[in-house]
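Have a look below at one chain only, the form predicted alone, in structure tokens format.
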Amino acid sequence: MSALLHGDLGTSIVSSGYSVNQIIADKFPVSAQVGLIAIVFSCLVGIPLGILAAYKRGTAADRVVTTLSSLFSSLPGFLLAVVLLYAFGMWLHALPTSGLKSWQSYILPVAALSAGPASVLTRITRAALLDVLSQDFTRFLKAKGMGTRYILFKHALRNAAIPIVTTLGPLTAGILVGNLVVETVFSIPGLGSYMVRCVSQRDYPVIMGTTIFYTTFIVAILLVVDIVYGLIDPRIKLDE
């Protein structure tokens, strides 16, 4: 416990001479790189699709987006990873299936990691925007003659940001922490696949050290989300 309080997470049993701190420092940047790309891709796909579905509420576009988001949000990431691996790697031979040797190697793991979060962001964005658009101030703006598109992007989107940020925080932690299986499927030399290997090898110091690291990381992300609340909405006071 004394060593833990000083930041020493112990020494690996299997990899003799390597401390857990060194292993995390070597492996986590690889996981973070893939995870951050997946987070950016999730935002670039999920939020615009949610805006489109809210703007086209009740139309065919809304139904298609809602159906696809429900489908991919309920599809397990490891199953999607295996399907992508077989379809684009083994069947079509279009993309690399292991490692991170080129930019093409990032496509399949990023797609497997970001499909679920992007679907969740789509649904949350749509629901948040529709809730804002049904409030009294938007009705007042419509009565003044302002168009739906102007109200949506100028007023509604910022007011709907709180639910989106609330969802994005845990999703970010989930992508960066929960990519163990995806890294294993695509043979990515990151911390997730290394942790899975340590479980089979019973390397307990690495398992406990990485668990403590990931837990601390999740708490830090949630703290950042709480701080961002105050930046988005000045009515929220951090000392309350």
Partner chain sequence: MTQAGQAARAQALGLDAHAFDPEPFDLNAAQELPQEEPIWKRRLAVYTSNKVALVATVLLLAVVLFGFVGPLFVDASYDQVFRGEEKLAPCAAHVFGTDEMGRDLLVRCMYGVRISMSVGLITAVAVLVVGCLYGSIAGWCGGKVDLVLMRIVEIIDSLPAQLVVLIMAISLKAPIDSLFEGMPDGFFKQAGSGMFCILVAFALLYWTGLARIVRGSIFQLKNEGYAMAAQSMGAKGPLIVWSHLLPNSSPLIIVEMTQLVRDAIFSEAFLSFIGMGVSVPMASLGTLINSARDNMMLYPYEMIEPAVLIFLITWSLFVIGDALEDALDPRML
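From a predicted model like this one, the values you see are computed outputs, not experimental measurements. Positions refer to the first chain, counted from 1.
What comes next is about the form predicted together with its partner chain, which does not appear here.
The candidate spot formed by 22, 111 and 224 is out of contact with its partner chain in the predicted bound form: none of the three has a heavy atom within 4.5 Å. Exactly one listed residue, out of 162, 75, 157, 130, brings a non-hydrogen atom to within 4.5 Å of its partner chain in the predicted bound form: 75. In terms of contact with its partner chain in the predicted bound form, the residue from 85, 115, 151, 124 that brings a heavy atom within 4.5 Å is 85. Judged by heavy atoms within 4.5 Å of its partner chain in the predicted bound form, the contact stretch among the candidates 39-47, 24-32, 54-62, 194-202 is 194-202. Contact between residue 188 and its partner chain in the predicted bound form is not found at the 4.5 Å heavy atom cutoff. The closest heavy atom approach of residue 171 to its partner chain in the predicted bound form falls outside 4.5 Å. Interface membership of residue 232, defined by any non-hydrogen atom within 4.5 Å of its partner chain in the predicted bound form, is ruled out.
The shortest heavy atom separation between residue 219 and its partner chain in the predicted bound form is within 4.5 Å.
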